[in-house]
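Just the one chain here, laid out as structure tokens, in the form predicted on its own.
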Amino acid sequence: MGKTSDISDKVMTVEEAVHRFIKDGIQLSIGGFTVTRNPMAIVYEIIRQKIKNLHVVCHSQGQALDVLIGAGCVKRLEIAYGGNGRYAPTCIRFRRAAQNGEIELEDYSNYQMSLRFLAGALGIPFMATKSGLGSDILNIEGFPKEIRGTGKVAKEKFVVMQNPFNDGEDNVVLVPALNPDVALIHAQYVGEDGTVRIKGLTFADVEQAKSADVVIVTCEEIVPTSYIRAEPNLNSLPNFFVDAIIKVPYGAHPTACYGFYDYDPKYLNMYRKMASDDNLFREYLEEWVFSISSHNQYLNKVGAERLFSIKANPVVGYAVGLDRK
């Protein structure tokens, strides 16, 4: 049996992780997908610590992104899609900020964003694809020319070139690699050796983590190394990729965490109403973020009855019979 790693220096609170790793102006990658496995507990703490001018890069995001934008933490965004499913096909504060010119915004296809993170994970400067050809993604640029090549903004949104190996083939699109300063991931399990296991769909989380300089993982449970090693094919990230580990049960609420709990329809309906009005949204931030001193206090506010209602059936991984209206 090999020696297990000591993760004592990596296990910390959300407050410690944000204070240590997340600074004004960094490029931040957020894992999860729309209303699934958003790293909400740490996003709330970013808002509480008043981190500003973030350059956010996402595959497709939802609740975490919307709250961050609404709280004024985001200056710049590169993304394929931002929505909360039936509760907001386009995230409300995200849409308002984009329409009002309050954030700098660049859009790519889902596949293009996946390839950009993959390029960063592989340590190469770009990836080639045919995704985007014939679409307005290649006709319209969101970022102003003056910021191109500054900070972590790519010099070009893309480059179209002919296949150099076959002059007769159609063009390909080169999309630039992403190497975020920090990636935020929520997972079901982290082993006592630091190995991360994401159950269900991983979306682009693994590539985002591998492409980033610092990886912060919030999780539902920290489990024995023997459990993690019993089925190594189910594991997602080795321990040496992870810089901070935070145990926060229901840390993705109100989004879903497969196998543990479903998304919270009542909360998302409440959020949709409050996010649609500037004054109500300020009340939302005060009630659900700034006045909350800990994740346990947040869960107490949500209430045991609500949390029980979204508890996942262990066989199917989601809450059977949940009223999703």
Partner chain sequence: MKYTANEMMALSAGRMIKDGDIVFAGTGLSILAATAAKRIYAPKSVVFFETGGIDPTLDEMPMAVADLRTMSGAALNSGLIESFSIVGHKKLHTIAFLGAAQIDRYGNLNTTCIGDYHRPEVRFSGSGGANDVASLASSVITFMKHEKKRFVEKLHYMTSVGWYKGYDSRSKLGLKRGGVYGVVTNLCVMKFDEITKEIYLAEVYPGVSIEDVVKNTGFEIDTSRAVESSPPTEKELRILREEVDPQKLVL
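Positions refer to the first chain, counted from 1. The model shown is predicted, which means the values in this text are computed figures rather than measured ones.
Here the subject shifts to the form predicted in complex with its partner chain, a form of this protein not shown in this document.
- Although the partner is absent from the chain shown here, D107, F203 and L322 each have a heavy atom within 4.5 Å of its partner chain in the model of the complex.
- Residues placing heavy atoms within 4.5 Å of its partner chain in the model of the complex fall in a single listed stretch, namely 79 to 87, out of 218 to 226, 79 to 87, 175 to 183, 237 to 245.
- Its partner chain is not shown here, but in the model of the complex it comes within 4.5 Å of a heavy atom of I140.
- Among residues of the shown chain, T34 is one whose heavy atoms approach its partner chain to within 4.5 Å in the model of the complex.
- In the model of the complex, its partner chain lies farther than 4.5 Å from every heavy atom of G120.
- The shortest heavy atom separation between L133 and its partner chain in the model of the complex is within 4.5 Å.
- Residue G101 is the only one of G101, P164, P125, G149 with a heavy atom lying within 4.5 Å of its partner chain in the model of the complex.
- Note on contacts: among V57, C257, A64, L54, the single residue with a heavy atom within 4.5 Å of its partner chain in the model of the complex is C257.
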